[in-house]
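What follows is a single chain, given as structure tokens, in the form predicted alone.
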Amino acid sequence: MKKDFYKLGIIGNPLSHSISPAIQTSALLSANLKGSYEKYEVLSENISNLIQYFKEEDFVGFNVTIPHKLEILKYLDETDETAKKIGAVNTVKITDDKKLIGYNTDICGFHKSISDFSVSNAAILGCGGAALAVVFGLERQGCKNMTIYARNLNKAEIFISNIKEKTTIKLSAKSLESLTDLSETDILINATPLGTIGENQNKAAINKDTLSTAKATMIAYDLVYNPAETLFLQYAKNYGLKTINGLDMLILQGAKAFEIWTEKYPDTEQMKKSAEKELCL
């Protein structure tokens, strides 16, 4: 049902570096809709009160980011199949009768960002929440084999045990130090925060010499989008590899969320331009 004004927002903690307001404001403009999108930095214990506020103020929906993608599940009336499969929610729609329906658009965003590539064998650096969307996004793209590399091998093994029954991909866990050969890898994804602007900016989750073993067609994908070119992507580019940062995934998952809220798909090019302006790219 079309609204006269779409009240939207994002909840998380911290939110100081979020560029979602710029992206979604651009989406509203591109769809010729009136509305607002605001940040709501909130602690876990205050989520219930914030949701009540959203209902009373006639919000249409909101995004959910770190650290509340799992916590939000307890407040939902329904969860779509994708969110159930991944076990995390990043988008919530508030219906006219004030029910909360949870979705996960991260999978859609990641999958769309790699839809032009053939991927059979994948390697992921890291085993946190971001890696979940990558696994299921790659499954949609036809990935058959995947290795999860992590500093803490036990965590990687737990990560796999939690999802192995939910995916057709053959999964294995290895220590990050054991990654020395990329000759059979079609795509290598950094799902760690290393490289992100700030204290981790001058760090990479992989030794640059390891990238010398990659085949010429391998894709180096970093979920980090700020800075636009992380140390990891610089290493990959130096070896002539195709590189992708996390901005496309951010835009595409945001566009899907917008469609869920408004039933209109926004202009993703305009959204990306707004994001780049916000990031001073």
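We number the residues from 1 along the sequence you see. Keep in mind that what you see is a predicted model, and the values were worked out from it rather than measured.
A second form of this protein, the form predicted together with a small molecule, is not displayed here; the remarks below concern that form.
Colleague: Pick from 138, 191, 83, 72: which residue has any heavy atom within 4.5 angstroms of the small molecule in the model of the complex?
Modeller: Selected option: 191.
Colleague: Heavy atom within 4.5 Å of the small molecule in the model of the complex: which of 161, 152, 118, 207 fits that? Just give me the one.
Modeller: Comparing distances to the small molecule in the model of the complex, the residue within 4.5 Å is 152.
Colleague: In the model of the complex, does residue 176 come within 4.5 Å of the small molecule, counting heavy atoms only?
Modeller: It does: once the small molecule is placed as it appears in the model of the complex, residue 176 has a heavy atom within 4.5 Å of it.
Colleague: Even though the partner isn't displayed, in the model of the complex is residue 89 close enough to the small molecule, meaning a heavy atom within 4.5 Å?
Modeller: Answer no; every heavy atom of residue 89 is more than 4.5 Å from the small molecule in the model of the complex.
Colleague: Please tell me whether any heavy atom belonging to residue 235 falls inside 4.5 Å of a heavy atom of the small molecule, as the geometry stands in the model of the complex.
Modeller: Because no heavy atom of residue 235 falls inside 4.5 Å of the small molecule in the model of the complex, the answer is no.
Colleague: Residue 182: heavy atom within 4.5 Å of the small molecule in the model of the complex?
Modeller: Judged by the heavy-atom cut-off of 4.5 Å, residue 182 is well away from the small molecule in the model of the complex.
Colleague: For this chain shown on its own, do 127, 246 and 250 all sit within 4.5 Å of the small molecule in the model of the complex, going by heavy atoms?
Modeller: The answer is yes: all three residues contact the partner (heavy atom, 4.5 Å cut-off).
Colleague: Just one of 138 to 146, 74 to 82, 91 to 99, 193 to 201 has heavy atoms within 4.5 Å of the small molecule in the model of the complex; which?
Modeller: In short, 193 to 201.
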